[in-house]
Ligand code: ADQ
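Only one chain is given next, in structure tokens, and it is the form predicted on its own.
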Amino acid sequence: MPSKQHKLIVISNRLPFYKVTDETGTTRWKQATGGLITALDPVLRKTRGVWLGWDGSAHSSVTQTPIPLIDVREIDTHEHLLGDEPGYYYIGNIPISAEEVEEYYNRFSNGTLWSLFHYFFEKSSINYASWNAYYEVNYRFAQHLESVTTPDDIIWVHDFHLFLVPFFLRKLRPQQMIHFFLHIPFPHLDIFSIIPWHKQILESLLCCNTVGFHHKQYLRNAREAVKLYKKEKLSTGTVTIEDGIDTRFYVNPISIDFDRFDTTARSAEVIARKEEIRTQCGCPHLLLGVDRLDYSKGIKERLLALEHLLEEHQELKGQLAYYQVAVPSRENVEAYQTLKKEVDEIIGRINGKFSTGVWSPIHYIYNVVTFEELVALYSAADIALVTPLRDGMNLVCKEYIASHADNDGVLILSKFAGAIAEIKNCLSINPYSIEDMSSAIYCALHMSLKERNRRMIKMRRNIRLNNIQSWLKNCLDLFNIN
């Protein structure tokens, strides 16, 4: 754990707080949620650290230097994620213009990097103007980072939006300890090399002291890229570049706050809501999918598998209900608008084909749900379908496991999700195979209680042990802070 002499400085595309405007036109901060925030909030408070990022809004001016730092005690609300955790830290809002939101964020980060790194190269756009915006925004992040930190601070850069920050920061601070964690897959060399600027990305990663990945295959892919373009072998996991920086590549899969989900699932309010959901379902079997509405999540393919199941097994009509929670995402990006239209049409077709006067197979929730409602849905679901076409980790499967304090439930998990390396007692499927998914659902529906309990107990034991706190400790231990 870093000491107060070594402040932890986290830098990510988005801040742990974001701005919302209510119906009166008043703008205020609201705390975001997620595993990274859960892990880092207590550490930042203990070290009086700093979290730099973007608040999600377009700024009219991007020239302000240095940026003001905001004490989180001034913006904490009753919705604060971790309750009355002692201490405090600061956030710094790095401005991004409206044009940069489109070019840096929508087109390059999401339209180029996200799609390619998830193997959707046919959806990827290669645009030099977008690359220039990405370059400029990364440089601005590094400049602001340099202006509010000291050489003794621990710099931890997160994810693909900020690949170039380590390179720029290393030029400004040659002796700075810089760490990076990638939360999406690192693709095979054939895919990675499609990006005209892949060498610049590698050069920047090799300016870091450590680079973390969720899965050993992502690390292997990164090693292959380095071996080809840097002519360095990474057999020991470490590479030394020309200016003497030792870069250690490591694998440490991120996890969740197991105790928070487990405790919430055992609360009287959530148990009551769970029973209410089961009653409203009106079927013996409740199936659940929880996803950001993204083409990488395999939502369309999952729906088609359910359609195939009902076509092949007429006896299941009225016996199951599938709840799909789809959290709105990147609604200004054309590919996501197209996806929503397709999902809406598929759901309409399936319900139109199979519904009776009292039963519909698909229940669609296109919205954000509260944490308590989410845990109640997890707890109520007999089967969770986590079937991404490609995913860096996917924490939904771990949340589902942690929410089943009753030791019941079946997890159907894509073999292309990073979590598959840890979760061995699920039903593993190929999300591109409609028949494979359909067969797995049928198997889960007919699995004995004894087998369900056996599998769930083992999965819960694993996630309880390998939780978000152990993930953070493993990362910080690699930083070698005294």
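All values reported here derive from a predicted model rather than from experimental measurement. Note that residue numbering follows the sequence shown and begins at 1.
The form predicted in complex with this ligand is left out here; the points below concern that form.
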(request) From the candidate stretches 278-286, 92-100, 389-397, 135-143, select the single one in contact with this ligand in the predicted bound form, where contact means a heavy atom within 4.5 Å. (result) 389-397
(request) Taking 4.5 Å between heavy atoms as the contact cutoff, choose which of V270, V290, V410, C207 touches this ligand in the predicted bound form. (result) V290
(request) Please pick, from W114, F213, Y105, F163, the one residue with any non-hydrogen atom lying within 4.5 angstroms of this ligand in the predicted bound form. (result) W114
(request) Decide yes or no: are I401, I457 and L472 jointly within 4.5 Å of this ligand in the predicted bound form, with each residue judged by its heavy atoms? (result) no
(message) If we define contact as a non-hydrogen atom of the residue within 4.5 angstroms of the partner, is W156 a contact of this ligand in the predicted bound form?
(response) no
(request) Determine whether any heavy atom of L303 comes within 4.5 Å of a heavy atom of this ligand in the predicted bound form, and answer yes or no. (result) no
(request) Answer for F186 alone: is it within 4.5 Å of this ligand in the predicted bound form, judged on heavy atom distances? (result) no
(message) Residue-level contact is defined here as any heavy atom of the residue lying within 4.5 Å of this ligand in the predicted bound form; does V226 satisfy this criterion?
(response) no
(message) Given a 4.5 Å distance limit between heavy atoms, list every residue of 362-387 close to this ligand in the predicted bound form, or none if there are none.
(response) N367, V368, V369, L374, Y378
